[in-house]
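Below, in structure tokens: the form predicted alone, a single chain.
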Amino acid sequence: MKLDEIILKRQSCRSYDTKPAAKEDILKCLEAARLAPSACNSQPWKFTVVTEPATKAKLASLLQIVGGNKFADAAPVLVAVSEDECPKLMPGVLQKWSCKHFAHGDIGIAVAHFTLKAAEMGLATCIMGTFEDKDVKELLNIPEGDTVRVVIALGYPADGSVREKNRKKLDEIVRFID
């Protein structure tokens, strides 16, 4: 599949088939995320993969604190993506660019790589951000100083869950300064 086709295929899936995702496929998604670029090669991400049913059910319930993400229960895999408290940056980088916190963007790029690789393999994903960090960290034994940024649902899409993309036109979001 070409990248344009994968980008068109990737969407936020909220209906999953019961078929489990193969560990080999999960590892391929994680490898794609691992290879993402990051500021000063800091690689500020950590991934906690949850497939164990009881822990996954508890995590899914933590994702439903505002009434959404009910589909998380059905996803065969939930992946918590956390930010390392102390990513390794070149000396002086934080002082030089104190107005920037690069890890947020870096983690976004890694998550994009993960989800695009999943789409390429026929897997579906949904990136979720509504949860209390402290509760997810406690459940998954994530280090105190790290911050859980998103949780990704991963699995095969249920029949009928694929829909057309509804996006703004380029002229609504782009301007050129020539």
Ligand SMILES: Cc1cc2nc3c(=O)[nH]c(=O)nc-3n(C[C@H](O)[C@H](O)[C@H](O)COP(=O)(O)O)c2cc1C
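Residue positions are given as counts along the sequence shown, with the first one as 1. Note that the structure is predicted; figures quoted are calculated from it, not measured.
The same protein has a further form, the form predicted in complex with the ligand, not shown here; the description that follows concerns it.
The candidate spot formed by Lys58, Phe114 and Leu154 is out of contact with the ligand in the predicted bound form: none of the three has a heavy atom within 4.5 Å.
Between the options Ala36, Ala119, Ile142, Cys126, the residue in contact with the ligand in the predicted bound form by a heavy atom within 4.5 angstroms is Cys126.
In the predicted bound form, the ligand lies within 4.5 Å of some heavy atom of Asn69.
Thr130 belongs to the set of residues with a heavy atom inside 4.5 Å of the ligand in the predicted bound form. For the chain shown alone, Val150 is a contact residue for the ligand in the predicted bound form, at least one non-hydrogen atom being within 4.5 angstroms. Using a 4.5 Å cutoff between non-hydrogen atoms, Lys165 counts as a contact of the ligand in the predicted bound form.
In the predicted bound form, the residues of 1-31 lying within 4.5 Å of the ligand by at least one heavy atom are, in order, Arg10, Gln11, Ser12, Arg14.
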